[in-house]
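Only one chain comes next, encoded as structure tokens, the form predicted alone.
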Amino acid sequence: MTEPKIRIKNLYKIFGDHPEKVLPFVRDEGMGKDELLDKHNHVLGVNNVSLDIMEKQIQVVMGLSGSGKSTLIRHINRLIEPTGGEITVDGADVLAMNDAQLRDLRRFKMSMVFQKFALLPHRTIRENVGYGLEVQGVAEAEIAERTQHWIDRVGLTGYEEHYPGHLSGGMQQRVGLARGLATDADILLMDEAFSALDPLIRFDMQSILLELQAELHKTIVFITHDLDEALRLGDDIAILRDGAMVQQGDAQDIVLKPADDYIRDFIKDINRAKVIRLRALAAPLAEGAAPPDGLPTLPASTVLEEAMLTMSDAPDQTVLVERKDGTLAGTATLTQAIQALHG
């Protein structure tokens, strides 16, 4: 089995004067966030989270305010020190790294894109995008070339000599994304990167990210409180509540098999037709059975909104479902689709 790019194991973070002393109350006795605060005046930020993040995928971590998602992402590059647990990147123990190793990890292996853009107001767009390359010690000519490439790719050609204060929020976030990509880091950490944007601009930024990811295949950890955003972007989704992980899986798992009432409340208002894909419905053929003749074939990644018209016109209202590698996943029916839409 492929090893994860990032492995988080039994991670705890407690904020307060004596976090190590109160850790056993959480780890060994199961004390929760409210009780820890009430009895010991410590805040439980992350509670026994384990998460394997696979290479070249978008891992979404979501939850409401105070769920621990932003605290979690800051452990990956050790901007926050954990109270307990393990973190490895490409098999290397992040918690055992010295200061020089941590600087190299942050300069060369990881980039970060923030909610509030974190641009340098006194530097031009060109200088902001190239800042990470300066930190890496890249030669000026290469900085100029790579900076212009990413400015062009995010649609900011012509704004090179402007300052961040001259740009809209959406354009500023494009600068932040270009800066994150310019360093060519394997891992991109995105903390509520689009949440400060208006809905239409946010959708546009999501589209840009998906287009770039289809080409670049980065390992992206994306933090959000927005379920629609999580379902659109995530290859895998981890949902936190009060610092603990409630459910992990792809969009189909989250929508079709909610772990508890908390998750059901999250998903109750989503448009299931835009989320559920045919692969979630495909019923395998009996061993050795030939596929029925005359049925249309649709990719397994087709969402039900797009598939149902074909299903309604197909013989027996049934379609063949084909995997990405061209093999047959099975069949899916209009009746199955309707049932899935109604939970």
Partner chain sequence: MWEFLTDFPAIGRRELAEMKKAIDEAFKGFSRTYGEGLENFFDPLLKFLVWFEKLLIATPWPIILVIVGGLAWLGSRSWKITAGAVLAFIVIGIFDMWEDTMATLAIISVATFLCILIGIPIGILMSRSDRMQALITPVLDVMQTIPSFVYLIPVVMLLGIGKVPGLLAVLIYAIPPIVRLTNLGIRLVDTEVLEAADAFGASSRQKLFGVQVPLALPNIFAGVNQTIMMALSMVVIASMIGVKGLGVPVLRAISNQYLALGLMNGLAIVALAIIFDRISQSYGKRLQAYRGQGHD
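Numbering follows the first chain given and starts at 1. Only a predicted model underlies this, so the values are computations on that prediction, with no experimental measurement involved.
Beyond what is shown, the protein has a form predicted in complex with its partner chain; the following relates to that form.
**Student:** Heavy atom to heavy atom, is H166 within 4.5 Å of its partner chain in the predicted bound form?
**Tutor:** Contact with its partner chain, yes.
**Student:** Does L120 make contact with its partner chain in the predicted bound form, using a 4.5 Å heavy atom cut-off?
**Tutor:** The answer is yes: L120 has a heavy atom within 4.5 Å of its partner chain.
**Student:** Answer yes if any heavy atom of F203 is within 4.5 Å of a heavy atom of its partner chain in the predicted bound form; otherwise answer no.
**Tutor:** No, F203 is distant from the partner.
**Student:** So, M112 and its partner chain: in the predicted bound form, are they within 4.5 Å at any heavy atom pair?
**Tutor:** Yes, M112 is a contact residue.
**Student:** Kindly indicate whether K116, G132 and G180 are, all three, within 4.5 angstroms of its partner chain in the predicted bound form, using heavy atoms.
**Tutor:** Every listed residue reaches its partner chain in the predicted bound form, so yes.
**Student:** Counting only non-hydrogen atoms, choose the one of 232-240, 139-147, 103-111, 81-89 that falls within 4.5 Å of its partner chain in the predicted bound form.
**Tutor:** Every other range fails; the passing one is 103-111.
**Student:** Taking its partner chain in the predicted bound form as the reference, which of T71, Q172, T219, Q248 has a non-hydrogen atom within 4.5 Å?
**Tutor:** Contact with its partner chain in the predicted bound form is made by Q172 alone.
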